[in-house]
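For reference, the chain that follows is the form predicted on its own, supplied as C-alpha cells.
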C-alpha cells in the first residue's frame, strides 16, 4: 500500500530506481542517487545484488551509504578489489554487467547524454566533468538506467556535445557503432519515468510521479515530448521504502545495525 506521508523528489527517484533492480543482478554504480537506489534495493528485496563501484570494489556490502567511491567501508565489505582497468576490460566490455547507472548534465530525445561541455567545445560556456567511464557503460552494459532532474536546461532537442551514445539518431545507430548493450531502458527523473519506443527509440513519457501535473512535465522538456497513451502514475513510496531510505540517509557516516 502506498504511503500517505510526504516524500521528496530525491526519495521518489531513488525508490523508483531501486524497484528496477532484482536479486543477483550485477550493478555498476557511482555515488549519489544510484548508490542510494542500489543500497535500498539490497536492503528491501535484492539482498544478493552484486554492487560494483567505480573504485574497483566488487560485491561491496556497505553498512551505510558510502561517502565516495573511495570510502573505506566499500573496500572492507567487498568480495574482492581489482583495478579500474580490470573492471572495464574483464567485466564491462565483455558484457558481464547487467545494469549500469548513468547521470548527465543533458539528455536528448534519443537518450544521448552530455557531461562534457555547455556551448561549443572550442568556446564553452561551461566545462563539465567529462566522460569518465560513461561512454563504455552506455555502450557495453546489458542495460542502462539514467537518473537526472527534468528541466528545459537538461532535456534538450539537440545536444551541444554527445558524451555517451544512447540511441544516436534513432534505430540502427547502436549496431552501426558496434555498441553491444541494449542502451538506456529507462530515464528516471524528479517528475516521472521515460522509456524508449521499441521502433523509433525516441523517449516516451510512460510514468508520472504522484502529485506532478503533466503540464509541468511538458514545460520541463525541450522537445515535443511524446506521452504514453496509457500514462501510469508511479506507485507512491511505501512506509517500508521510506523508512529504509531515511534510515540510510540518517546513518550518514555511522554503520547501520544489520
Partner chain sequence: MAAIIPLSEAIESLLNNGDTVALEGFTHLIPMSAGHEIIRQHKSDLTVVRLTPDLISDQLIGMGCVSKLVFSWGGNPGVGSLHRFRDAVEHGWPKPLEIDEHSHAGLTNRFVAGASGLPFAVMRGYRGTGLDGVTPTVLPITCPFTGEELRAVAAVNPDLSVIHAQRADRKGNVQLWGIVGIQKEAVLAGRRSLVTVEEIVDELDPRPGEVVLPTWLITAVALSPRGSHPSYAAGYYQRDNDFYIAWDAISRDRETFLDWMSANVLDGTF
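These figures come from a predicted structure and were not determined experimentally. Residue numbers count along the first chain shown, from 1.
The same protein has a further form, the form predicted in complex with the partner chain, not shown here; the description that follows concerns it.
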Note: exactly one of 85, 152, 119, 172 sits with a heavy atom within 4.5 Å of the partner chain in the predicted complex, namely 85
Heavy atom within 4.5 Å of the partner chain in the predicted complex - the one residue of 165, 104, 186, 99 that qualifies:
165
For the partner chain, considered in the predicted complex: do all three of 7, 47 and 159 come within 4.5 Å of it, counting heavy atoms only?
no
Although the partner isn't part of this model, could you tell me whether residue 222 comes within 4.5 Å of the partner chain in the predicted complex, counting any heavy atom of the residue?
no
Please tell me whether any heavy atom belonging to residue 71 falls inside 4.5 Å of a heavy atom of the partner chain, as the geometry stands in the predicted complex.
yes
The partner chain contact in the predicted complex: residue 206, any heavy atom under 4.5 Å
no
Taking heavy atoms only, is residue 136 within 4.5 angstroms of the partner chain in the predicted complex?
yes
Counting any heavy atom within 4.5 Å as contact, can you tell me which stretch out of 208-216, 194-202, 33-41, 52-60 lines the partner chain in the predicted complex?
52-60
Of 166-193, which residues get within 4.5 Å of the partner chain in the predicted complex if you count heavy atoms?
176, 177, 178, 180
